[in-house]
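A lone chain, given as structure tokens: the form predicted alone.
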Amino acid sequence: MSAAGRSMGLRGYALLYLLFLYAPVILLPLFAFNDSAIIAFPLSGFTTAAFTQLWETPALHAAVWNSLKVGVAAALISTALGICAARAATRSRFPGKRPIMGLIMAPLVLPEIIIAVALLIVLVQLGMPLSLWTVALGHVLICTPFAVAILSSAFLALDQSLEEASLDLGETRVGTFFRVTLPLVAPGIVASLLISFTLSLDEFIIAFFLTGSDATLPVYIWSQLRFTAKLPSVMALGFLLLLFSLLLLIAAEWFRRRARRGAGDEGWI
């Protein structure tokens, strides 16, 4: 097969893959504006009543606020831990470096339900009451590997001679880190914050196991799926959540590429 044929075949495969992956997502706006509680074709009509209903549901507002609090806390803590881990992984040599980094990145490959059950058992044994803080701790565990991956790329792209020049000019290592290193990797930090917040906002399994009486947004959505009359508002909420998540991911990718361009490398990680 010629190179042109392979290229066309690859493009066709990518198109089919994207269609298979995102076709269910395309149905969200269709049924969100559908004037019927039955999620099926043919569509009965156009309406925005489901979106109006979202503004009149106090339980939904509380769930959104809970998710925002958990997401911000998880993003800040996981990014702070990611900065420390990425800095150590890219600039230091110490015994057991690979096993330690492997353990940090392990949540990327472990099933979330296993993590959730293990965390639940540990927290119960420690006598900690389930609350939004326990959900935030669980989200930190799964968000930290993503933060480490993003920030490691930012640290590797940073020219180490800039830090050495700062040290040669008399600045301390702590001062160099805060005045030189952090500003240069700031786009990576912002990308890590946005990705971590998005992951926390959309995460359901750990929140379901570790939440107390205060439900997060995904748990609230799951609770509404049992009622047929609530399905249109759930579809509308899912559509808005999808748009918000896409905007955050686009912003995170923009900051990630900006960090790569700042280092003179526009390629993909």
Partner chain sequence: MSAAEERAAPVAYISPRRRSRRIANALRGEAAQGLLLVSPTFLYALVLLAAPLALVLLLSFWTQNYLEIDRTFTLANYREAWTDPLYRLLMLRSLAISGIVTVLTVILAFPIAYFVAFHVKRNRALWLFLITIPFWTSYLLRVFLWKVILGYNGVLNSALIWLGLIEEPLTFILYDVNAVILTLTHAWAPFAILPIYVALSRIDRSLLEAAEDLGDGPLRRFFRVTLPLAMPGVLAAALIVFIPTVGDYVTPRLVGGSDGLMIANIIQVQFGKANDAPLGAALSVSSMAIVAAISLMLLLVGRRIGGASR
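We call the rigid core whatever largest set of C-alpha positions still superposes within 1.5 Å between the two forms. Positions refer to the first chain, counted from 1. Model, not experiment: these values are computed from the prediction.
The same protein has a further form, the form predicted in complex with its partner chain, not shown here; the description that follows concerns it.
Undergrad: Checking a candidate spot here: are Lys69, Leu130 and Leu156 all in contact with its partner chain in the predicted complex (at least one heavy atom each within 4.5 Å)?
TA: Not a single residue of the candidate spot has a heavy atom within 4.5 Å of its partner chain in the predicted complex.
Undergrad: Do Pro107 and its partner chain come within 4.5 Å of each other in the predicted complex, heavy atoms counted?
TA: Close contact exists here: in the predicted complex, Pro107 approaches its partner chain to within 4.5 Å, heavy atoms only.
Undergrad: Within a 4.5 Å heavy atom cut-off, is Leu225 in contact with its partner chain in the predicted complex?
TA: Yes.
Undergrad: Using a 4.5 angstroms cut-off on non-hydrogen atoms, would Val234 count as touching its partner chain in the predicted complex?
TA: Flag for Val234 set to yes.
Undergrad: So in the predicted complex, is its partner chain close enough to Phe209 to count as touching (4.5 Å, heavy atoms)?
TA: Phe209: contacts its partner chain in the predicted complex.
Undergrad: Within 4.5 Å of its partner chain in the predicted complex, which residues of 172-186 have a heavy atom? Give them in sequence order, or say none.
TA: Read in sequence order, the lone residue that approaches its partner chain (within 4.5 Å, in the predicted complex) is Arg173.
Undergrad: Given a core-based superposition, decide whether the C-alpha of Pro24 shifts by 2 Å or more between this form and the one not shown.
TA: No, because once the rigid core is superposed, the C-alpha of Pro24 moves less than 2 Å between this form and the one not shown.
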